[in-house]
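The form predicted alone is given below as one chain in structure tokens.
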Amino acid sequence: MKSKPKRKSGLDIVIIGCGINGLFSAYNLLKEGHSVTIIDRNREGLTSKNNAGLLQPSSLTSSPTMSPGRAFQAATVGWGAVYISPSQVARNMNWFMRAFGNMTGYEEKIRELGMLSLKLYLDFFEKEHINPDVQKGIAALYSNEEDGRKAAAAGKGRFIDEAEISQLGYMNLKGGAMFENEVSINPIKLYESLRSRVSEMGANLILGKEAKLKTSGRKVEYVDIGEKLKADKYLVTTGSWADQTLKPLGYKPNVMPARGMIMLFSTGMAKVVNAPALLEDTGIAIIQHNQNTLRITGFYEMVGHSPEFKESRKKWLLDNVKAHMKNFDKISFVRQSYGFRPCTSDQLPVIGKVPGYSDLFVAAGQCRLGMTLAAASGYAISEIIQGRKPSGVNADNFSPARFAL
């Protein structure tokens, strides 16, 4: 077990939310010698474990590509991987109107944060001797060859043709882009390894407790978990629940949940695909993590925090995988689960000081890229909490002030 760092600054920091963003925030603060307590009502990182596990900042377009027309279709009869509940639109009209006007224009800001995050991830794996089934090289695959060429040019990847796609274990796809320097990971292993490391570094983890921030004026007085916890600084990393955490305090970060599904399969110890891939036309990700584990993820559904998928949706997902994965008949189903992506209306995360407060901070809203952006988000917010400007990224792009009430 590694030794705990000596405290330097003497700050006591409470983090509400023990997902991947909260853990990376804690990791960076602990390295600086601060005292960190992490609180979460759940005992496991549901969304953090149940995502695609692609650290892919060079391919940042929506999968599948959205437009106002397609968004309208998704909110009426559904559209492939995307479904938007009409009741959610009615209850959150301002969010959707802003979201439909921000479907492009955010990419470069996210790309900058994503590239920093990838670098921080690789440094983290090397320094901490952690290997959550890291694989280099991710393929973005299309049914149309020209789409593959455009993706390769836009993301500075290498175009791959139908023959090479077949060698990777996929079929009925005409073109794609291979991003050689990007990586996939097993999110379950990453989450568990990072949480163990943070605990070893001295973090106090309080799990299975509901936390409520109590304020006096525009200052946090304490966190109520059935007892009072006081700190110098407070950080909210509650993901898709960030609005519920912060709205009672007079701030709404404009985060809504987008549900996704994960399905895990046994491969019978066979190598069924030779590279992780994102089927861009359907938004389905396929990754073989190790010798016997295959992960399939998909869907972007705005249905609130409902965990229930219809059987027809599961069938749609499996039918599409079967149509494009050559060795589909070699895999056997193990289990399925879900997660909620925290999405803002302008497609950008919210990272920084909560407006009007001197001791309250938030890091949320990474949406589809929660895992990709976690290392950089945790670094950026830890710097901001310490009164420093993060290097390598323009943190003003993600300022919570843009959603001030």
Ligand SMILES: Cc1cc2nc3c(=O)[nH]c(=O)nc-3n(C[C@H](O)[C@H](O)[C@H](O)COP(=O)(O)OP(=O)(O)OC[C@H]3O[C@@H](n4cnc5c(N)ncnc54)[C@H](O)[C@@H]3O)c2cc1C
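All residue numbers are counted from 1 along the displayed sequence. Note that the coordinates shown come from a computational prediction; the quantities given were computed from them, not determined experimentally.
Same protein, other form: the form predicted in complex with this ligand, not shown, and the subject of what follows.
- Site annotation in the model of the complex: the residue of I84, I110, A211, I284 reaching within 4.5 Å of this ligand with a heavy atom is A211.
- Contact with this ligand in the model of the complex, defined as a heavy atom within 4.5 Å, holds for exactly one of I13, I16, I385, V393, namely I16.
- By the criterion of a heavy atom within 4.5 Å, G53 is counted among the residues contacting this ligand in the model of the complex.
- Using a 4.5 angstroms threshold between heavy atoms, H34 stays clear of this ligand in the model of the complex.
- By the criterion of a heavy atom within 4.5 Å, I381 is excluded from the residues contacting this ligand in the model of the complex.
- Taking the partner from the other structure, this ligand in the model of the complex has a heavy atom within 4.5 Å of a heavy atom of T47.
- Contact with this ligand in the model of the complex, defined as any heavy atom within 4.5 Å, is confined among 253-261, 167-175, 127-135, 312-320 to 253-261.
- Shown here without this ligand, the chain has G339, F340, R341, P342 in 338-352 lying with a heavy atom within 4.5 Å of that partner in the model of the complex.
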